[in-house]
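This document opens with one chain alone, in structure tokens, the form predicted on its own.
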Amino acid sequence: MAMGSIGDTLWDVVICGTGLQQSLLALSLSRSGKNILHIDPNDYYGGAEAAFSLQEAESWVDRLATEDKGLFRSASITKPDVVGLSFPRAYSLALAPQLIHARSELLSQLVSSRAYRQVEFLAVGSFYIFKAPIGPEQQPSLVRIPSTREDVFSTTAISAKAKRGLMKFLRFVLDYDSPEQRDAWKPFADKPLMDFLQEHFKMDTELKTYIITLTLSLDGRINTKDGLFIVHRHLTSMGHFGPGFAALYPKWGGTSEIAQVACRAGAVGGAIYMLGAGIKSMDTATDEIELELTSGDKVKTKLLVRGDESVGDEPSISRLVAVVDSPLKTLFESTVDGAPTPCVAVVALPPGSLTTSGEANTDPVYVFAHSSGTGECANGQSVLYLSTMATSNSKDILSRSLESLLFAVDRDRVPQCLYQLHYEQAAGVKQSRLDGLILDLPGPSLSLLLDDASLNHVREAWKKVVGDAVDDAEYMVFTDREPVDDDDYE
């Protein structure tokens, strides 16, 4: 379809925004034969899940300073007076990185839609706990969390008694949804998982911290029902795609890369794409929506689907993205024979691990360490993504966490920070909203793990576009294009 004809076409759907949900909707409709116009007011893909070069990050920070960007605020860039940064496009810094469990429904959909061929997934390796020094003679250290039977037996970090307790819990959680086990945890379903671990398994603080870290709960107070589900997903994902890892991360910027692949699939299917074109005004007085775009084009559509950028009710989080001048090799070691070398590691700094201005951190700090194998930084460097609940001193907490972690990783030659990007991200609304011919998808989750629940909203939007005549079983299930070629989605 020629670009000049967009005003002459009655579109079946106009999708506004190229965040993960909107892009997956474009993928799901790519074989539908529908007239699809996909626009984005930004000049980049990914929305709140975008990945930026250094130059793009600076432009983004500058825009935040002069205009309301909805879910993001208080962004700043710091470049210490050291040399070592490569050229700007050597970096692809993710705004909201998320890990994807190997048994996530998203991966199943990418396989059934054949889009997986265009995404390179990397192994997420070990989870570590930062241990602060207790006295002046001690040094900070990192302890790897054992999350398999073999790990538990081989670790020297916990006592024999604690090993027995941990094994008891691992056996329980693998069968946690059976009638017998449900009777044990159901009274605690909406109570903190910490309480259940204490009451039912008599775990000490250290073991409870191990379990909570596997959930990546931002405030450490995840409820029992959700916490058991995530730990079960983690354990059952281990080895699903290969030995030694339970989660994956898409190369070149995380879920932003999936969004771009999904959009390319939409384009191959005939959708028209326009970056830098938002909605200036709309008229919903008829049974069609008339849109005036910021590009000056005027279009008509039967349905408008967009991402809701309204701020939700949940607390915000504070983020720090740091580029350091070290490959941090000790974090990315394979621990299982035959396992791929991981490109991502996770470090948790539990509450009370560090102090700023005389106050200890009350929420955990999570660090995703990414090697250059992710394609997000230059060779010989690493990117560290730090996240914690937003408070009046959370920026200082993240800076202190970065310093403490780098010292713990290599005390002989403490890695130098080359670049820092600070910002806060607000939680979006959680539910879809249909108002006539306008469907607003919920905002992106702040979760550090991809939440499969967000995929349900995409499926509902797909059904709204294709109608009841199409069988639900056809959702995201495509045959190979002929001939099969990597260029099909480019």
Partner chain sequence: MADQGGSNHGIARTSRTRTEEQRQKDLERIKDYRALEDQVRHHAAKNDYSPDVFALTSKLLRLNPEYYTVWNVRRRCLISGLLSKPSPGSSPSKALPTSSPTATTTTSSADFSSSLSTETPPALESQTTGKSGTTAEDEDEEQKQQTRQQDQQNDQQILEKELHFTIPLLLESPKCYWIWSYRLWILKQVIERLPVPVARNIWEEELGLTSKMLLRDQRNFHAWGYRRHVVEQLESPELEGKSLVESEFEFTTKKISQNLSNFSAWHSRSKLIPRLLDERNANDEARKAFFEEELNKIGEAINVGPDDQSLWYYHQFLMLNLVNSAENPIIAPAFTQEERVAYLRREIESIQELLEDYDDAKLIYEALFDYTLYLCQLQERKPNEQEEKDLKGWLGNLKKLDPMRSGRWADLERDFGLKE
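Positions refer to the first chain, counted from 1. If you're wondering where the values come from, they're calculated on a predicted model, not measured in any experiment.
In what follows, reference is made to the form predicted in complex with the partner chain, a form of this protein that is not presented.
Although the partner is absent from this view, residue 149 contacts the partner chain in the model of the complex, with a non-hydrogen atom inside 4.5 angstroms. In the model of the complex, the partner chain lies farther than 4.5 Å from every heavy atom of residue 411. In the model of the complex, residue 183 stays away from the partner chain, with no heavy atom inside 4.5 Å. None of the heavy atoms of residue 280 is located within 4.5 Å of the partner chain in the model of the complex. Look at 211-219, 358-366, 335-343, 136-144: in the model of the complex, residues with non-hydrogen atoms within 4.5 angstroms of the partner chain sit in 335-343.
A heavy atom within 4.5 Å of the partner chain in the model of the complex is found for exactly one of 304, 203, 170, 354: 170. With the partner omitted here, the residue from 311, 174, 275, 77 that has a non-hydrogen atom within 4.5 angstroms of the partner chain in the model of the complex is 174.
Residues of 115-139 that come within 4.5 Å of the partner chain in the model of the complex, judged by any heavy atom, do not exist; none qualify.
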